[in-house]
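First comes one chain, alone, set out as structure tokens in the form predicted alone.
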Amino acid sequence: MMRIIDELRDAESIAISGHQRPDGDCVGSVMGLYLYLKKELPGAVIDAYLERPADIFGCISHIEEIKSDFNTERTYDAFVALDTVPDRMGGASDIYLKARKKINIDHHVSNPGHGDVSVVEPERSSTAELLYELMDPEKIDGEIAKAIYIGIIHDTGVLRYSNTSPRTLQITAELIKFGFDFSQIIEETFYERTYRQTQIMGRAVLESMRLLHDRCIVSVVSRRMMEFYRVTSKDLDGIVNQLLSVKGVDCAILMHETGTQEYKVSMRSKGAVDVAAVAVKFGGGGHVRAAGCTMNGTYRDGINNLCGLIAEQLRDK
């Protein structure tokens, strides 16, 4: 397997980015690589571009150095796209397209590969796990390890999801040897909720509905609801997983309103439904058990369209 440093050693300027609305794997991967390259290439310009991460990731070293203003005239020698495809980079896509060398590292099965160097391994639990394999383990320090660890635990549901492999457990064991408080990281970045986040989760669960002979559960969060509870889209993390925990449910859908007749859709599955295949039909992507997309129209039409595809899969199981 290649080493990421071998692809970047001659670059004098490097940009790193991930997808819009960055989750734990995206943030952990971007910051893990950022810290690694700052250490390995002290003479190079290293910039990380992302939408502002959630406050829970404030424990990651130097996270305040992330650039959330994508307006730049710089043409980078190299651009590393992590956990994403160009269409999902948002403001960073223009920077990516201008870069002289493009590197893609991802674990999403829906990623066909792009750029000059592409490493896409869907069997990996997370992009953070894959990134670890591309690093020299002797050059990893405690802060890099913490960022990579956060990426892994967030995409594996704290090592509970079926994407957790023996290799995933071996890597996390190596990471926690650095001595950071991994139990506190799990509590503060994965489980802990603010009171408002708990309120909106309760409202979403209360107003959810079960469809397809109770095998699918759906909840819709409107902009009015978000304004009432004074929350943003970042505060909705964890709701779709809570819906999936309902006994008898095979698939969970959370739709939240992002614009006039525009909805961000998050889907989770226990295995009977390939939600990535559903998301791809609407221009999205993801994994077999976790995927998302954006839909236009009324939420009722969105639910009908999604459930039509989900029902086709459930008929055979």
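So that there is no doubt, residue numbering starts at 1 and follows the sequence shown. Remember, predicted model here, so these are calculated numbers, not experimental data.
What comes next is about the form predicted together with ligand AMP, which is not displayed.
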{"item": "Residues 86, 89 and 102 all lining ligand AMP in the predicted complex, heavy atom within 4.5 Å", "value": "no"}
{"item": "Partner-proximal stretch of 47-55, 281-289, 64-72, 32-40 relative to ligand AMP in the predicted complex, 4.5 angstroms, heavy atom", "value": "281-289"}
{"item": "4.5 angstroms heavy atom contact with ligand AMP in the predicted complex for residue 293", "value": "yes"}
{"item": "Any non-hydrogen atom of residue 154 within 4.5 angstroms of ligand AMP in the predicted complex", "value": "no"}
{"item": "In the predicted complex, residue 266 touching ligand AMP (heavy atom, 4.5 Å)", "value": "yes"}
